[in-house]
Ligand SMILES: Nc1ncnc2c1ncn2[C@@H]1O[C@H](COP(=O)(O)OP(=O)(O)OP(=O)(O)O)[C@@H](O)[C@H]1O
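Given next, in structure tokens, is a single chain: the form predicted on its own.
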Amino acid sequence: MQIGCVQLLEFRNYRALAWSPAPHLNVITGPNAQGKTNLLEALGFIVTGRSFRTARAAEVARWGSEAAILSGDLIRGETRRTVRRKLSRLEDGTWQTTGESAPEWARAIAFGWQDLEIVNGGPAARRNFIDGFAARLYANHVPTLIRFRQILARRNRLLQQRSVDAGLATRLGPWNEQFATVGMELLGRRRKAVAALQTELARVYAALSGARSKVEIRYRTALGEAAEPAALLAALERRQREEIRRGQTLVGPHRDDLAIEIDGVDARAFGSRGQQRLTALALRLAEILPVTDAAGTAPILILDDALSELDPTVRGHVLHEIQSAEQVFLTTPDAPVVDGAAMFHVNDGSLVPA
């Protein structure tokens, strides 16, 4: 898959932009705070319908504007689909996103500074990462995740009554059944996603680092290897009194985590920030092959400042690895020498060939 002609109107610091990126590697240079990341955000928004930087639509439109419009041509072989999206301020001050849906085969993988949280942040960041990856592999993962969160919220409201009686146990029963069924469905897809990621992650990390270090990712759950809803249901029953006392659900996929290890050591404790950043980047690049297999076409790759904090040798390995991808957008303050790359320069919301 590739993005053809892109048009932006009143998006972030771009008042108006029309751009036709190159079909393979696009390197976007320029000083900080001039619009490089904003441009990548727009590309991701066209493909996915959301920002990889913020959940607040109000932050996306140019300051003082009532609307922002984005459009782009999504191309796969001889197929070309124009996707147009509009963000509008409503009378009550809220923002609404409208426009066409991207075709099912359209995928984008984005890397940014926030991805360091996958390695050194809390469990929620790693759960969000694996859920985002699973959503690119399995069409029904997001609906399952939404349903699970709804059930979890309803169950927690019951637990917050903190009343240990037969009536509460009776009311919890149907929610426990749903929680166990949907929870194990969610957990099963996460496990499959981790397994799909692991094989490619080992190859990518070795290629990027140029070292023989072994990197592993494993799914961590209190349920061990259990795969049936009965196991989660039993865990809920064992902890019911404690859950009622604390007013929250204490076991389930919302409490799970990923173990990311380098040579058997937790990546959070491994080496420098540059090594942690390389691990986060390797995780994103490892998504490419599984997503390609699932979608039937390669995703576009959106890399924001991916070369920072890496030594020159590793930077060269990264550039070599991404050149085999379908279409890549890479921002960097400097201009690396890359054979065959299309070079562009951003300054104050304008984009010109470099």
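All values derive from a computational prediction rather than experimental measurement. Each residue number is its position in the shown sequence, starting from 1.
The same protein also exists as the form predicted together with the ligand; that form is not shown, yet it is the one meant from here on.
Just one of V60, I288, V314, A295 comes within 4.5 Å of the ligand in the model of the complex, counting any heavy atom, and that one is V60. Contact with the ligand in the model of the complex, defined as any heavy atom within 4.5 Å, is confined among 60 to 68, 44 to 52, 306 to 314, 319 to 327 to 60 to 68. For N26, no non-hydrogen atom is located within 4.5 Å of the ligand in the model of the complex, even though that partner is not displayed.
Contacts of stretch 30 to 44 with the ligand in the model of the complex, defined by any heavy atom lying within 4.5 Å, are made by P31, N32, A33, Q34, G35, K36, T37, N38, listed in sequence order.
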